[in-house]
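Coming up is one lone chain in structure tokens, specifically the form predicted on its own.
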Amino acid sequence: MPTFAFLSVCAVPFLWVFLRAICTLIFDKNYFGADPGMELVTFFGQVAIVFLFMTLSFSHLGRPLKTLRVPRMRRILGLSVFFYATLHFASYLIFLAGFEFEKYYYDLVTKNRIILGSFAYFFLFLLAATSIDSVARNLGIAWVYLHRSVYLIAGLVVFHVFLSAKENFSFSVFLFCGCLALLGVRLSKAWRRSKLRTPIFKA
């Protein structure tokens, strides 16, 4: 699968929304439900979450996926997470906060879900800004530790979704279990590597 084809797949959710917007303008018909703003916020947020967990899973599926010969697949997925998270945040500012930063600030200091979501987006911004090869080389080992914060981001997102849910918490519970499973696999691999590095002294 060429890189362009993989990028095209990642762009499908955005193109779907763009096509619906074009149809709304052409046919003068609402294709976004009773609350278009909330639908966009929810949709882009869910897409960002899907790409986030795909990114987390990539390190455990990297070996079989290498046969697809997709260069920088994980980086593309990570940048897709940031792209859709930005659309999620922008949709919230435009449609729910009415582009009033005072409203966003009020939500930021009074609503835990906004606090958690904002922290998650801040860390995503740091990861996206440091995804360039030259920046990674300059940061050295600090880059590795910084990008391991993706698990912190996943935790923040899980609780952001949980606090945003009003009645149905099944999605947040599913994300919580998935996050624990991926973190468990990661810690298990790290523990096995540390055991292999431990020198064995014979009496």
Partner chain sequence: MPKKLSRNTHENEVTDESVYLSRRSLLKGFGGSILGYHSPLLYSDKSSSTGNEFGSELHQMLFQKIKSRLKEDAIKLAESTPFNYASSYNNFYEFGSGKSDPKKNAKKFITDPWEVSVQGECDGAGTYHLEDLVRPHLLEERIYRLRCVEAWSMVIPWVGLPLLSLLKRFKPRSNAKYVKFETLYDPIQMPGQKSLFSAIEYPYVEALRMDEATNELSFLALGMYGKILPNQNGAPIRLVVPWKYGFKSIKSIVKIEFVEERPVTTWMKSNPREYGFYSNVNPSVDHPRWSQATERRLPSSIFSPNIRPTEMFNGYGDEVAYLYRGMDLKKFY
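Numbering follows the first chain given and starts at 1. Computed from a predicted model, the values in this text were never measured in an experiment.
What comes next is about the form predicted together with its partner chain, which does not appear here.
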Does each of F176, G178 and L183 have at least one heavy atom within 4.5 Å of its partner chain in the predicted complex? no
Considering non-hydrogen atoms and a 4.5 Å limit, which listed residue (F82, Y104, F119, F95) is close to its partner chain in the predicted complex? F95
From F53, F43, Y151, F32: within 4.5 Å of its partner chain in the predicted complex by heavy atoms is F32
Are any of the heavy atoms in R113 no more than 4.5 Å from a heavy atom of its partner chain in the predicted complex? yes
Even though the partner isn't displayed, in the predicted complex is S134 close enough to its partner chain, meaning a heavy atom within 4.5 Å? no
Can you tell me if A21 lies within 4.5 angstroms of its partner chain in the predicted complex, counting non-hydrogen atoms only? yes
Contact label in the predicted complex: A165 to its partner chain, heavy atom within 4.5 Å: yes
